[in-house]
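Take a look at this single chain, the form predicted on its own, given in structure tokens.
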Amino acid sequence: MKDAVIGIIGGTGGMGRWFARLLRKEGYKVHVCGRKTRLKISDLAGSCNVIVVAVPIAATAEVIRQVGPLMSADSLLMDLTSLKKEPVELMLSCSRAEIIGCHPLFGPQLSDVRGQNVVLCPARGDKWLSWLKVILERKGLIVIEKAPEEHDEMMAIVQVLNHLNTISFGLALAAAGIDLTEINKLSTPIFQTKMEIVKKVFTENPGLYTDIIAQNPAAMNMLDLYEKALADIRALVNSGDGTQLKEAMEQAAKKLF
């Protein structure tokens, strides 16, 4: 598959740029387009036999609708978004190309991705699947194949619940109205680590994290569980000296660990 020519829509930043760099190191010709590039989506579709959609979640559907019909049956259409069910279904309905959903489970800032996980959701064809797996595994990535629905259900925990915890922590801290400088004077290492995560989520790209929560079809179930957990904690704390909360944590630990 050394004749592959790759076009990355959204390849000027984030995971798109990371993937472009990875493929160029493998010796492939890679073209990218973004909102401010001379190349457009139609240019990439006309010259590339692999198209990668690497735009924000909110823009993914529209981009797939634009590029999908322009691709031939022997080409590959794939995406790098953190949700898979809707993008994969849309790629299947909008294009004759082979279809793979892909979700690298790490950020583009990592310089060494060896040992990191990447999920593939093969949906149509197998010619390009083996090509992609070889490239990823050669870079030391751990490739996991999942159905799109299963992927999204797991991301409701790994991403939605995780980011929900961070966002609620940050919002509650802001509502407390205490100057962060004063808090830092008494902060612990664990608190400082949490604050670095809060700062990243709230200031670097808050739209990414809100889309991850709002667009995941399983998010409401996680919100219900999270809300119930907080209500249960309140009730257990109100019940006395914390013994019941401790017992609840011990029971949860048995299930988890």
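So that there is no doubt, residue numbering starts at 1 and follows the sequence shown. Model, not experiment: these values are computed from the prediction.
The same protein also exists as the form predicted in complex with a small molecule; that form is not shown, yet it is the one meant from here on.
Contact annotation: the small molecule lies within 4.5 Å of heavy atoms from the stretch 30-38 in the predicted complex, the single such stretch among 185-193, 228-236, 44-52, 30-38. A single residue from the set Pro69, Pro56, Pro206, Pro217 has any heavy atom within 4.5 angstroms of the small molecule in the predicted complex; that residue is Pro56. Contact check for Gly107: a non-hydrogen atom falls within 4.5 Å of the small molecule in the predicted complex. Using a 4.5 angstroms limit between non-hydrogen atoms, Gln244 is distant from the small molecule in the predicted complex. In the predicted complex, at least one heavy atom of Leu80 sits within 4.5 Å of the small molecule. Mapping the unseen interface onto this chain, Leu23 falls outside it, with no heavy atom inside 4.5 Å of the small molecule in the predicted complex.
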